[in-house]
Every structure is written in C-alpha cells, then in structure tokens.
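Coming up is one lone chain in structure tokens, specifically the form predicted alone.
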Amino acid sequence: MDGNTHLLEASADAGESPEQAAFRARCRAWLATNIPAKPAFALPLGPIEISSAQQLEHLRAWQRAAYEAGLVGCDYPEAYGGGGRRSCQRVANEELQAAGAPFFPNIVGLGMAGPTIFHHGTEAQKRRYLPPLLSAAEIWCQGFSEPGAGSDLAGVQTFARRDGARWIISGHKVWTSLAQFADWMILLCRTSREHKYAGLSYFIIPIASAIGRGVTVRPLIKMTGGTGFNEVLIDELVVDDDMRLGEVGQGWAVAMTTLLHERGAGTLATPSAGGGIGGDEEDALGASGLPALARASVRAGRPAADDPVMRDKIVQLLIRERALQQTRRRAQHPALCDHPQRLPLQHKLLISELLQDAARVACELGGMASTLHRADPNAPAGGRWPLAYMNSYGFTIAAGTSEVQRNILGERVLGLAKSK
C-alpha cells in the first residue's frame, strides 16, 4: 500500500462535513481528467528550482487552471478572489497530493504573502493583490534574510526613510527564492535605528517593474548548479505609503504572521506543493518512492530490495512517513491539539529531516550511479534523488533551521528554559 492510499484513508476518516465531502468528490473528479501531461522539457523538483521562463509558464498555467476549478484559494472570501468555502483547502491539498499533481509555482505568494495580506492588509490591498496571487498571474518573493541577518531576523538593516507620503528604501536581501521571476516582494525592513523590534516595518515592493530603477537581482549559483536563490540589491527605491502592510513599527508582528504560515502554523489554509514533479506518481520524492527505487537498483548483482539492511532502512522511513500522516489527521481535531503551534512546527521540523534522510538512502541505493549527472541517461530515476538530497539542506534551513525549530518547540510549547 503506497503513501497516497494511506492519505486517502486518513481523509475518509476525518469526520468531514457534507460540504467538505462533496468538495472532495468534485476535486477528485476534476483532477482525474485535468492534470497536465508532462512537457517535452524537464521540470524542476520544486518551486524554488524553477530556472527558466518555459518552466514557469507551464506551471503557472497549471496553477491558473486549478484556481479556476476552485482548488486554490478555497478558504478565502469571494471578494478577494477566493472560493468562499470553509475549511476546504485542506481537502484540495490532500486530493492534489493523492493524484500526484504538479506543484504550484507561486509558493511564496500562496504560503506567505497571501495569508499576511489577508490578516494585515487594508481592504484595498486585499482586493488588489490576492486575486492575481491566487491565480499565479503575479509571482511573489520574500525579502527577509540579509547577509548579516538570518536566524536573527530582527537584525535586518535594510532601511526605509520617510519622505512625506513616500518611503525611500535601500538595502541588501539574500536567499531570495524566485526573485528573478517575481512581480512583488514582501519586505521586512527598518524604519528606526533606535529600537530593534519596534523599529521594523513591513512593505510590499515591486520587483519586475523596478529592475534597473532601484532594484537589482543577482542569481546565486548553488552546488546543484541551479539558480533558485538570488540576492536583491535595493537602492533608493521609492514606494508610496499605501504599499506599507500594517502600522509603522509593527513590522515584527506582521512578519510573525508570515513565519507562522511559512512553518505551517497559520490559521489560514494555503495550497501545498502537490504530490509530484510533473503529474506522475513515479516522480514523488520521499519515503514512499523508495520501494520502487530499491526494486530497480542493483547491488552486488541482485536487486537492492533483496538486501535486508536496505529493506530495514526503507521500512523505518516508511514508518516515520506514516506517523506524519497520522499526525496530520490529529491536527484536524482541535480537542487533540494541546498547543496551537505544536503539531505544525513539529511537522515542519520532522518532514524536512525525513525528506533529507529518504534522499540520502535513495543515493545509497543507487550506489556509484548516484554520482551521475541528471542529464546522463544512465542516472537512476533521472538523477532526481541526488538532486533532492543536495536541495534538502535548504529545506532544513528555510523558515528557521532545525535547531531554531527545536528551540521554539522547547521554549514556547514545552515551556523549557531558553537556550544560551
């Protein structure tokens, strides 16, 4: 029994409302005939791996189709481009994953910018930015980290000085996923140097339209050879005051909303990345993809699946994956959640480490063949697994490193003393 079957089992036991059950049937029926065929060109492993306009447009068309079918933005009010439903995005996410649907490209918009604008934006901002965000008509990136401010996010030094009804912003952001394609950036910057936290404010700034007019985007080449990350230089960029999100000096509180949703602990359900790379279950990465790889891999002249040590490693990972699926079921029942942040933060920590461990075992299964480049026709599984392993370190760092996540869980959830 594969992971997708487990997921469907979990969904059926969730005590859904009649509306959710009907919506699930509708999602399943639509996905059965509308998942796009694989293109002739290679698709990236995830949104931050998008490296060409060709890849982006293919995935953008998929997100737009899913949005028009009602599978994206389900829980947002209709006035802001949403479906006006109640607690249905989770259902859509489960069906997308079970169907092995491709991921959506606007990951920062859906998972971070959208919820933040919904909770802190003005009525005009919600009506302006949310509909094209949900449909992927406009792509978003996140301007938080800086060369001198990573885990200590409140140490950002990008500065916005007020000039009447305008702000003039200068600074340097780094590790900015999708900046090379983004139309907009959510930006945390400093508006006062006198206070660390109270001196922060939050803005929406243009990216694509400001290239060469106050914004420079430079790609960062990763060890994979990909350019998903960027650095963004902002030099005297002028934005109107109506681009500010929240009050002056309250940027830290607004940023916490962004981070809660990025870590999965927000109150507004957002679309997940889907279940596969290109609409094929064989593309799925994670423990559920290991048995097939083990059967196809040869070790000492025999299938790797015959090796009891490798079988044990795979089963242990499958157990962890199944446990996380059951944890998601538990998270659907408030009475079983003793702290609102425990399960979402725990999930982010554990899923990032599970994916890394699964990719490591996959490379072990492939043996020397795992050193082949993904362009080599002899690379097992198209070279996806070693690429996934290298990329997995970004996942254990993004949205707070595993160490930071453990500190948050220990201090804020378990009430342990702060670490020194």
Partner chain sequence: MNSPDDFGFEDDAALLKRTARRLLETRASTDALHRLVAGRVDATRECLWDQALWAELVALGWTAIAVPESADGFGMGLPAICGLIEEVGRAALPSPLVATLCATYVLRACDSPAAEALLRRVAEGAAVSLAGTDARGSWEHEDTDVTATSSGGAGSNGQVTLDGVACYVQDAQKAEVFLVKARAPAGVGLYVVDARAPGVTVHPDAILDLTRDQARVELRGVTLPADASVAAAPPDGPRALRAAEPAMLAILAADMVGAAEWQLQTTAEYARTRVQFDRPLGFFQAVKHPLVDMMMKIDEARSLVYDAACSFEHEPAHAELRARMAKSSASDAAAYCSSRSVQLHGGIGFTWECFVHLYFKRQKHNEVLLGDGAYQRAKLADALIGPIGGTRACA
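Note that the rigid core is defined as the largest set of C-alphas that superpose within 1.5 Å between two forms. Numbering follows the first chain given and starts at 1. No experiment lies behind these values; they were computed from the predicted model shown.
From this point on, the text means the form predicted in complex with the partner chain, which you will not see here.
Partner proximity in the predicted bound form, defined as non-hydrogen atoms within 4.5 angstroms of the partner chain, places exactly one of 200-208, 219-227, 300-308, 163-171 at the interface: 300-308. Remark: Q316 counts among the residues lining the partner chain in the predicted bound form, judged by a heavy atom distance of 4.5 Å or less. Looking at D235, you'd find every heavy atom of it more than 4.5 angstroms from the partner chain in the predicted bound form. Though the partner is left out of this view, R322 does reach within 4.5 Å of the partner chain in the predicted bound form, counting heavy atoms only.
Not displayed here, the partner chain is approached by D338 to within 4.5 Å at the level of heavy atoms in the predicted bound form. Q346 is the sole member of Q125, S135, S145, Q346 with a non-hydrogen atom within 4.5 Å of the partner chain in the predicted bound form. For the options R330, R86, K196, R213, the residue carrying a heavy atom within 4.5 angstroms of the partner chain in the predicted bound form is R330.
Heavy atoms of every residue among D312, Q326 and E411 are located within 4.5 Å of the partner chain in the predicted bound form. Taking the partner chain as positioned in the predicted bound form, none of the residues of 62-77 brings a heavy atom within 4.5 Å of it. When two forms of a protein are overlaid on their rigid core, residues whose CA moves 2 Å or more are considered shifted, and D306 is one of them between the shown form and the other one.
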